Every structure is written in C-alpha cells, then in structure tokens.
Ligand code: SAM
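So this first bit is one chain, no partners, the form predicted on its own, shown in structure tokens.
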C-alpha cells in the first residue's frame, strides 16, 4: 500500500502517536506525482542497491523496494523505529539503520554497497551529507535527492553569482549537478517554510582536477571564508605571516588578477592555484 497521500500519512502517524520534531526539520511528502517523478529520475535498475537517507515513515522506501535488489534506509529519529518496522515489514529487501546520516560509515552498511542514492534529504544537513557520502562511499555513482531550493541553487551555481559558494566548488569536484524539477512546499506535511527542488548528481569517473583533495578543499574553504575580500587576503590568513606576496605571485603565474575574489574562480582555477602554491600551502586537514 502506498503511503504517499495525506490521509494514509495521517493515519500512520495517528496510530503510532508520533509527533513532528521541529528540531529535526521533519516534513513528509504527500504528493504521488512528485514521488513518481523522483523515482523515475533515479533511472533504477533491478540489480541496484539504493541508499535512502531520511526514511521518515517509509513513504519513498516502499516505492523503491519493489524496483531494486536492495534498499538501505537510514533514519535518525528513534521514535519512528516502530512505525518503520510496520510499514517496511512487507519488504524483505529493506535494511533499516537507525543512525545520524552524518555519522554513517561504510562499516555500518555491512555487505551492502549502495551504487545509488535516492532521498528526500533532511534540509538542515543536506549539503554536508552530500559531500560526506561522495567522500566516504566511493561505490555511489549517482544521487537523486530532494533538497531545499537554496541548496539546489548552490549546486548548480555559476562563478560570480550569489549562489556560487565553497559547497558549489567542492560538490563539482565529485559530481555533475542537474536540476530535475522544482517542488512546491505545499506537497509536504507539515509544509516547510521554503520550496524545494530535485537534483541529480552524477559522480565523475575521475576527479576533474589532479590535486590532493584535502589540500584543495582547505584552499576552497579559506578562499570563501572572507567572500567579499580579495582571495589573497583570505588565503594568506591561513598561511605564514607575510604570505600575501606569495599568493599574489601564484595568481599572476596562472593568469588571474591579484584582486580576484574566490567567487570568480572555477574548480579548475582553484586546482591550478593549489598546485602553484605548492609547499607554501600547508593547511590543516578538512572535514568532508
């Protein structure tokens, strides 16, 4: 039985006595048309192993289970465990993990090696979850995820625009982002305060820039830490005293202005700058 309609969702929640948590940002999809488009966009195959983050009451999970070989679904709210035990009971190929997705590691998945992610991501952690999954689960080749519109805008942001950010550049290191569709806030219960979008993320076969990831990501983080200032000022603040001339010279050697800001650099630009700075750039290890 499909869970994706207002009356069925309400019945499941009423029967369990469960209440929404504002702190966890819980909003459940209740529109069948939107759900069908998400599943179609994932282009699932019978031998796929799918990871879902944010099971909720199992609305998306029960749609995925009949299509693929296995679904591993992760849910942080332990109050939903008995609800999920009931709604997922008919599907023997579903594994439920009660855990914070930000703490999820490959060993938590046992012998499951997901190659795709399909999820309505919890909005408060969508950006770090995306980066963490690509970093920690190399078998994942694609994601089709619902995120708040702001995150979607940042994923497809272009240099020099307000949506372009450190997250944009780091995500571009891992994948190619495509907007699938916009989603109204009115297809959720309760309705969130923002609209949403579905994004398809396809992992690059090889990293597009041949630079150590930790060093590159640390440089990106430093560059955007003072977004409205010259890149030189932001980056040299993380280096030894008197490093501004070193950064300026590195920028000149790769053909960029000394007055450029981080928001104007492409991923390739950051990669070239990291290589040009060489041993002069020795950052602290970054997360994600």
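Numbering follows the first chain given and starts at 1. Just so we're clear, the structure is a prediction, and the values are computed from it rather than from any experiment.
Just so you know, the form predicted in complex with ligand SAM exists too; it's not on screen, but the next bit is about it.
Interface residue in the model of the complex among 216, 199, 151, 74, criterion: non-hydrogen atom within 4.5 angstroms of ligand SAM: Looking at the other structure, the residue within range turns out to be 74.
Interface segment, criterion being heavy atoms within 4.5 Å of ligand SAM in the model of the complex, picked from 206-214, 177-185, 118-126, 164-172: Looking at the other structure, the answer is 118-126.
Partner proximity in the model of the complex: residue 232 to ligand SAM, non-hydrogen atom cutoff 4.5 Å: Flag for residue 232 set to no.
Residue 100, heavy atom within 4.5 angstroms of ligand SAM in the model of the complex: Residue 100: yes, in contact with ligand SAM in the model of the complex.
Contact test in the model of the complex: residue 52 vs ligand SAM, heavy atoms, 4.5 Å: Yes, contact at 4.5 Å.
Residue contact check: residue 80 to ligand SAM in the model of the complex, 4.5 Å heavy atom: Heavy-atom contact with ligand SAM at 4.5 Å: present for residue 80.
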